[in-house]
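First comes one chain, alone, set out as structure tokens in the form predicted alone.
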Amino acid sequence: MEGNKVGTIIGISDLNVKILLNTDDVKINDILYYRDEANRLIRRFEIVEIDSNIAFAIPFESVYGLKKGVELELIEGGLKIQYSDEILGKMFNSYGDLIDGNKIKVYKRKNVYEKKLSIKDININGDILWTGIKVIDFFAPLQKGYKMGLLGGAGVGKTVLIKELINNIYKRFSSNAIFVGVGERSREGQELYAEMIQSNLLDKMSMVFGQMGDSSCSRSKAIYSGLTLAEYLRDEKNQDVLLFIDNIYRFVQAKSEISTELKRIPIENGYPTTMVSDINEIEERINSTENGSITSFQAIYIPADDINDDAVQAIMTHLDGQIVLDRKIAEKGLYPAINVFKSTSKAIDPQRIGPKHYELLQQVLKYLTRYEELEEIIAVLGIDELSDSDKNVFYRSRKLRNYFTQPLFVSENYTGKAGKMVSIIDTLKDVEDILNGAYDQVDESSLLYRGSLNER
């Protein structure tokens, strides 16, 4: 139907365009557009509400210069993004347009709202996804298809950890990654793009950005486009895909802005009545099948540090665990700077990770908890006042703390240390040896930034 006039603009605001329809063929999520006299596509609008023959649409671009009386045409197929191998190594905006100067050779596009999986296709018994990063595999192991919260402020190593995960998963499984930037700073997006080039990782991933300065429409659509790219790798390439969403709370914010503009009555705290269903729609597309999986890391902004915020709680009900990066740990020079007390995973179960791993994990957490208590005692009385058993706990805990640092592949140029990937079997053996006193006579500094302790 493209080329036929389907409606006329009768009202304009920054986030909402009112349209008088002259056909019944227009549906929710359809895209209408307007061409100027030079026949260029310069304005696009997505239908979000229809009342009889009046439609309300959110504009993709600025409405500056737009006038009432403009006639609109329909774009067949709605909002689409490239759906082929050509997505790799490229950066898209929320609407599926390339923004990095690259070109698509053969266009093969898919609607970003299409859901391919049925309940019988979903596999909830995926394998553990070992990353080769000791501290994650030991304290917060991932299962294929898991949704993990990634919490941490600026400067604590979040980007480095993301890059290392991409690097390791690609090396182990030849699988690719998708990064979705939702409502974050454009500078950070450019920095990540440059760092991916420097680390030779750009060709192993695809990126979608709806930046902080973009419209609420753009910020709300980035996540749908990113999910479509991830689904291509899972369903067409049969890969175990890593999906990074930074920041999923901004998606809720963008939806709230649109809802306010449409004069829909909000629930408490100003969130739209559709908030839970909007989040459910996103999270339900992150799943595993027999042939591939999407494992997601979702950064979550916590407004006013209120973990009980309605939106934060709605997101966290879908998570299978969280990895928390801690500034205090980073300040000690211990990387990855993961807080092992706050990092969790549903995979921590003897039936999933095995009784040996589970028992060692409980023992290590017990040691590290006692270590923090002993630090306070030592600060007051000195270490000589400790019993021999407490001294063992103290020194072995320090060795464990150092052991869970790791030389990373993506930071080789900065540290001068070759990156290491460590199997969970080696990690469990090393941890058991440290707890049993096999390294009591070894200086704790020699355990810093090592791979497996069996390596020479």
Partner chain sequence: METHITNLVNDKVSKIKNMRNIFDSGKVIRIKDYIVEVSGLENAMYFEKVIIMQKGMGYVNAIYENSVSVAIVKEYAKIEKGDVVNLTGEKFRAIISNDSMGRIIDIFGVDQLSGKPFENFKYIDIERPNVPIIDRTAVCRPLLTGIAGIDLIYPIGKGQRQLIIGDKKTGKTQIALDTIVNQKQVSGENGQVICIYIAVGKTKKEIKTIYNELLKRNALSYTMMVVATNDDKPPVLSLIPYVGLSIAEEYMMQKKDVLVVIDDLKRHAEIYREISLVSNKTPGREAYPADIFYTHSRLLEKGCQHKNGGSITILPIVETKGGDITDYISTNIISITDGQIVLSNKAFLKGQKPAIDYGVSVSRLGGAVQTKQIKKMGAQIRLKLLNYLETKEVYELANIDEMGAELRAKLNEGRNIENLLKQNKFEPLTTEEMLERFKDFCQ
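Every value quoted in this text rests on a predicted model; they were computed, and no experiment measured them. Residue numbers count along the first chain shown, from 1.
Here the subject shifts to the form predicted together with the partner chain, a form of this protein not shown in this document.
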Residue 79 within 4.5 Å of the partner chain in the predicted complex, heavy atoms: no
Partner proximity in the predicted complex: residue 35 to the partner chain, non-hydrogen atom cutoff 4.5 Å: no
Close approach of residue 90 to the partner chain in the predicted complex, 4.5 Å, heavy atom: no
Residue 409 within 4.5 Å of the partner chain in the predicted complex, heavy atoms: no
Partner-contacting position among 339, 289, 84, 253 - heavy atom within 4.5 Å of the partner chain in the predicted complex: 253
Contact residue in the predicted complex, chosen from 358, 173, 113, 193 - any heavy atom within 4.5 Å of the partner chain: 193
Among 131-139, 361-369, 228-236, 301-309, the region lying within 4.5 Å of the partner chain in the predicted complex by heavy atom distance: 301-309
Heavy atom distance at most 4.5 Å to the partner chain in the predicted complex, all of 209, 401 and 445: yes
Residues in 55-70 close to the partner chain in the predicted complex, defined by a heavy atom within 4.5 Å, in order: 63, 64, 65, 66, 67, 68
Direction of Cα pair change residue 335-residue 197 in the predicted complex, magnitude 3 angstroms or more: farther
Residue pair residue 337, residue 311 - Cα distance in the predicted complex, closer or farther (3 Å or more): closer
